[in-house]
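Just the one chain here, laid out as structure tokens, in the form predicted alone.
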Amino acid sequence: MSQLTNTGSRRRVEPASSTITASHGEILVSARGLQKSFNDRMILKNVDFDMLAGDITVIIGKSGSGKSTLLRALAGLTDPDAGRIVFDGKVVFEDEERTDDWRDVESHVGMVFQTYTLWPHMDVLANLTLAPRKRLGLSAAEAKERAEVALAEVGMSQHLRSRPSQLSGGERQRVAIARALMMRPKLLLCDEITSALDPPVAAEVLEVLRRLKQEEGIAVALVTHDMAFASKAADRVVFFHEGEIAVNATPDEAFNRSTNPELKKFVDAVRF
């Protein structure tokens, strides 16, 4: 277990030891004993989960197995019923509530959804600059400069003044990723962001995430059914089964050497 220390009113935690091997840096996210129920149905069952800074973790499993609930808990969109979450060395959830430290780090956690959630009446620039101007207090010029950088990172520089209705599905998803990048996140959470896209377009969006990892050092947690991407780009593959993490392994271990029968059955059903 981690050792918790008090430094004034701020709580900090030394990262717990983990079964995963560091490949890019220190543990960025450490969750212990997460539980969550909806309508008397337990969705997360004492989930322990670690992520390293700069890694891509692909989360797979059947619908309803707990994948998206874990992402929403890490993003602060859902509070677990029990457990603890440590982000970047700070305890951000404990004793059934968000701690004061969550306000300090939540801007470093970005989330991208399957449905883009772009404002249709705003152009791309306005969609990207709204949150950082309100939450970070950036000036219009500062926000525009940051937007130009974010769009360049996802290959969308030419669409600064476009409306969402003028963009393809893949382009809208890239804009959604750029919007998350506006807050300069250390962790990007992606929930089925390519499921509505044609395979070639999905491959382009996933390549953007791989490049962000390599060039910016952003950690990515990605819920997907794209096993081809998982096998090629993931540093870790996490398989959820009935609210529990049944497998946490490298792609080679998960797809080629795992003896877990439920994982084998799932992979065979969505075989790349």
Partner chain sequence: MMVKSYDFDWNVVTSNFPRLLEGLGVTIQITLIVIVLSMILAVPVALMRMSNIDIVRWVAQGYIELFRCTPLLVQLFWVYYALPTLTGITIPGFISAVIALTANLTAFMAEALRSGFQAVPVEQIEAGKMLRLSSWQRVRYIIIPQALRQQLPVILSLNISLFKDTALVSTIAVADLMFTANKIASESYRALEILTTAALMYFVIAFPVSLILSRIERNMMNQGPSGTAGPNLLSRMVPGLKVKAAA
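Keep in mind that what you see is a predicted model, and the values were worked out from it rather than measured. Positions refer to the first chain, counted from 1.
The next section is about a form of this same protein that is not shown, the form predicted together with its partner chain.
Screening L118, A143, V154, L197 for any heavy atom within 4.5 Å of its partner chain in the predicted complex leaves a single hit, L118. Looking at 89-97, 198-206, 146-154, 120-128, the stretch with residues near its partner chain in the predicted complex, meaning non-hydrogen atoms within 4.5 angstroms, turns out to be 120-128. With a 4.5 Å cutoff on heavy atoms, M111 counts as touching its partner chain in the predicted complex. Heavy atoms of R135 reach within 4.5 Å of its partner chain in the predicted complex, making it an interface residue. A residue is said to contact a partner when one of its heavy atoms sits within 4.5 Å of a partner heavy atom; S107 meets this definition for its partner chain in the predicted complex. For R179, a non-hydrogen atom is located within 4.5 Å of its partner chain in the predicted complex, even though that partner is not displayed. Candidate site formed by R72, A75 and S165: every one of these residues places a non-hydrogen atom within 4.5 angstroms of its partner chain in the predicted complex.
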